[in-house]
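First, one chain by itself in structure tokens, the form predicted on its own.
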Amino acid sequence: MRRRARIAIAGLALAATMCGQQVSYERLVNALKEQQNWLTYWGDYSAVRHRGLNQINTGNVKDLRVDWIFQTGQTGAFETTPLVVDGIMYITGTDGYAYALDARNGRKLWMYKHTFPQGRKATAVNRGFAILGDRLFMVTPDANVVALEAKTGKLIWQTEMAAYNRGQYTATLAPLAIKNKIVVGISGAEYGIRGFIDAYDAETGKRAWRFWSIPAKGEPGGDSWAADSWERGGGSTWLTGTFDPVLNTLYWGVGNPGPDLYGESRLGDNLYSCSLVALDPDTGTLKWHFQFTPHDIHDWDAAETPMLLDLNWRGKPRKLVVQANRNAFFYVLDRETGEFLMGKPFERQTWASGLDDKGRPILTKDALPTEDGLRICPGLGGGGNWMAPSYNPETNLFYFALFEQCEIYYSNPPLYIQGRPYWGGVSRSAPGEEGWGLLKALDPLTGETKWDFRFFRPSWVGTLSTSGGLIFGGDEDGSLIALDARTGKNLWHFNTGARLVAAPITYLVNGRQYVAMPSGAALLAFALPEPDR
């Protein structure tokens, strides 16, 4: 009877929480002060993905166990990063599904299913929600932005970003809520789209501004495209950006140019593909840009995380933005000006002999794919990729997953046909060489590797840092792992039974710390055993 009473009281408290739940812009700005919650895709605006929680630590992580599992019942990769707000968890699934859960036990509170127009069916992964006020925001496979009532999952408004048009434009990222706007990006560069970043009014769904990631002729950067190639220039903006509220600057990575792997039809640097763009979030105006890989023909986009760090650079405090780029170089930029400060390779690479004093790569003679094929490192997956990194302010180390592989690149002129893939080549594994994965700890001020943890195969799992001295990650075989943040020692692992293609988070409810990880079509929450069990 007492247990039933406790459950009833807890249920009433949860209902009261949902009714009164509000996430203001001020809460998002100060998200790192709410260590118990996870309020944005990255956990906060800077994307450090560190929490000062230490209930689970190096001494007891060996006792970590599955506490609850939520099964979506869907198919396909489950790539969501959950939001946790005052005991409520919000997740997105594949094909336009979304859910609210009790973060203590995984009990489903509501479910939302996007309604596709008659005759249209789009299939795609989704990486998560944004929350602002009492509303949740997500994108859909057919390139819509929707606003839901956080309490019930009821649809409030829906706005089309771009015509789905035979599968060209899609959307997969988690939106970013800034002030009264919802900022999103687009996917589809492999179909010859023209990429953009959009902002929508959170109240009405009306588009506030659009920044074209591929400029037209006559616009700044438009002369970096030959003829009319910009019209099919790619430049997807498919991963969530970061934001500095003090500088009032939005940082967003831009994808590869189109056609992929073939550049003769688009001679020039092809701005702003493979670049980091810094925008005014109020107007979408470009403040500065930095292009990591000019005229890319390797599929090395720059959608990797632009993490914001305030560190002493060469003895003086400086506002930095760092990125482990897909081209296998780790970059440090001044985030106020875009000035290049450092770039160092973090794995094998054969395409550049180095970077000049402006950060532009110095190509080797064996840098470009050929019709007959050429071995180039890194491979098509790049060095870094979209897997979320983390930064621990206690160890001062940057942690990220990477691929170690070289591949044979082939390049051929493609024919553009609307609605079909716009690829100018392929890549194949180099004979006798199978790729592997690493979880790397790197000093962001020097680019020096402090330790590596090797996976048998490349991993698509991001990292999570905690004050318990732990780095959580995962491997391609479905194991969630916990490593010692200072040494890389493997302290714990658990095979979830399905492929992992996301990143873990941690949160605290009723004084109990959890680690949550999507796996297959399920979400698993781990915790230490309760004392009375």
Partner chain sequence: MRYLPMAALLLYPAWGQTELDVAQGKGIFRNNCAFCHGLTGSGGRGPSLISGRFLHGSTDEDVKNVIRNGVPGTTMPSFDFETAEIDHLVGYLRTLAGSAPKSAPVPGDPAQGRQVYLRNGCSSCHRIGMEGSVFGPELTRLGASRSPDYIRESLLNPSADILDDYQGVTVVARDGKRTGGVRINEDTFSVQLRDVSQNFRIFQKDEVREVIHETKSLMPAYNSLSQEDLQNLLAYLVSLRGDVNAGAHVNKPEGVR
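Residue numbers count along the first chain shown, from 1. Keep in mind that what you see is a predicted model, and the values were worked out from it rather than measured.
Heads up, the form predicted in complex with the partner chain isn't pictured, but that's what we're talking about next.
Residue 31 falls outside the set of residues with a heavy atom inside 4.5 Å of the partner chain in the model of the complex. Within 4.5 Å of any heavy atom of the partner chain in the model of the complex lies no heavy atom of residue 436. Within 4.5 Å of any heavy atom of the partner chain in the model of the complex lies no heavy atom of residue 36. Contact annotation: residue 426 falls within 4.5 Å of the partner chain in the model of the complex, judged by heavy atom distances.
This chain lacks the partner; the member of 27, 486, 499, 493 within 4.5 angstroms of the partner chain in the model of the complex by a non-hydrogen atom is 493. The contact residue chosen from 110, 97, 460, 453 relative to the partner chain in the model of the complex is 453, the criterion being a non-hydrogen atom within 4.5 angstroms. With the partner chain omitted here, the record of contacts in the model of the complex names 405-413 of 173-181, 405-413, 239-247, 327-335, defined by a heavy atom within 4.5 Å. Of all the residues from 365-398, those having a non-hydrogen atom no more than 4.5 Å from the partner chain in the model of the complex are 371, 372.
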